[in-house]
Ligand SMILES: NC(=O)c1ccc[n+]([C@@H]2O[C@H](COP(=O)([O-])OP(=O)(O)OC[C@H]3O[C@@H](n4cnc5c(N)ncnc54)[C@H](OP(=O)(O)O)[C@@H]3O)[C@@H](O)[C@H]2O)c1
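Given next, in structure tokens, is a single chain: the form predicted alone.
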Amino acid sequence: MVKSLYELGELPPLGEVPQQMYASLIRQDRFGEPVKAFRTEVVDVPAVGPGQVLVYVMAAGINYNNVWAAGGQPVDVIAARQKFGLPEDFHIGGSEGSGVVWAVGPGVRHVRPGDQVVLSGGQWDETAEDIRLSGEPPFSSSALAWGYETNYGSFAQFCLVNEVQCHPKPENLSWEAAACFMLSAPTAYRQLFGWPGHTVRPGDPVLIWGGAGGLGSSAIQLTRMVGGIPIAVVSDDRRAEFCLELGARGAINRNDFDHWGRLPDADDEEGMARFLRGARAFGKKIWEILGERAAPRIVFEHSGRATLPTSVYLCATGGMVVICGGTSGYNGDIDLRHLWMRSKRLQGSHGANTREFREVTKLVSEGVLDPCLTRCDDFEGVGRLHQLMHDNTHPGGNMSVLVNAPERGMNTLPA
């Protein structure tokens, strides 16, 4: 008979679903720093509905969105779901992972139990009218970030996804490496290649904020892939070296400058002069790296409030600032004169579509794109690794945790 609960790494018979599972989860009374917010508990395995897939999780990637979830800020994700009538009083995060299809719901056609998959982080209703008309799921009002806005993410023995989130696992990768790229790399891919008129071309300088992180490490490689010139912005020399090893033309330490933050009012002559001195000095570093007085045609943004004024100011005439986040704050200021008089584009970008997710998995499978896994912990490390992100002390590249995979380096189910 199937047991009601299996230990981590213990294999049930394929297709047989136990009643309960271990999960590293967040509750409202623990909101705060991640190392305290995450705890391993036993909860019920979720029911599999139409179009859904239950995945036996081998490893899970770590991303900044669950730093936010742990703190209950800027959104209490548990309360937000309860407003829509969902009963769970806990949050199981994890927006990417690798594993084995274990059970499928009615209507699932393209995966079956036993398939080895990597999981993308976007959920949406494929029958929604706005998807049928536009063909762009990230534009849909039904689109949600799995494992952040939705429950039953990858920080558990079993996770619940929609069929469209399942992509073939690159055979050349271990479970832990396969678990850590399906959020950051497709997001970077869409930022750099998803906005016609401003896709990276050979010779394009591309300024990449947070060059050593998951997004940045992908952006450096993708820019080089098509002959662009990546310039990384980092916070210390160790991270600069990491970016140079990945192929960045150069790296700029943002701590050498102090003009960051909200843009002064246009009539604040002293404040604006101080900002312009800092931004121009930063721009000269770009010239030094390029060996010419050239500006980045594309600025790869996600830090937001602290850096957006500089990004818009330094972006080339006719270029684009493309932004997918706001880790330093959401109130981003710009001088509109720099935007309209220089015909610049400020483009928001969120996640990726199904084609972009699949193209990224092919690039990884072919060895063109390295997931850049730099740290992997056991399952109890979920809170610890998010704490490193919270404190900005995490290593360059991406991080993951083993869930059911018994040891590092495995790329298939244990015998």
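Predicted, not measured: the structure shown is a model, and the values here were computed from it. Note that residue numbering follows the sequence shown and begins at 1.
Unshown form predicted in complex with this ligand; subsequent notes refer to it.
Asker: Report the stretch among 232 to 240, 69 to 77, 98 to 106, 219 to 227 that approaches this ligand in the predicted complex to within 4.5 Å, counting heavy atoms only.
Answerer: Of the options, only 232 to 240 has residues within 4.5 Å of the partner.
Asker: Please tell me whether the candidate spot formed by 207, 297 and 319 is one where all three residues come within 4.5 Å of this ligand in the predicted complex (heavy atoms).
Answerer: Checked in the predicted complex: no contact with this ligand for any of the three.
Asker: Which pick from 274, 345, 254, 262 sits with a heavy atom within 4.5 Å of this ligand in the predicted complex?
Answerer: Exactly one residue meets the criterion: 254.
Asker: Ok, 177, 324, 246, 117: which has a heavy atom sitting within 4.5 Å of this ligand in the predicted complex?
Answerer: Selected option: 324.
Asker: Might residue 351 be said to contact this ligand in the predicted complex, defining contact as any heavy atom within 4.5 Å?
Answerer: It does: once this ligand is placed as it appears in the predicted complex, residue 351 has a heavy atom within 4.5 Å of it.
Asker: Is there any non-hydrogen atom of residue 302 lying within 4.5 Å of this ligand in the predicted complex?
Answerer: Result yes; residue 302 sits at the interface with this ligand in the predicted complex.
Asker: With heavy atoms only and a cut-off of 4.5 Å, decide whether residue 392 touches this ligand in the predicted complex.
Answerer: Yes, contact at 4.5 Å.
Asker: Test of understanding: in the predicted complex, would residue 339 fall inside 4.5 Å of this ligand by heavy atoms?
Answerer: Taking the distances in the predicted complex, the answer for residue 339 is no, it never comes within 4.5 Å of this ligand.
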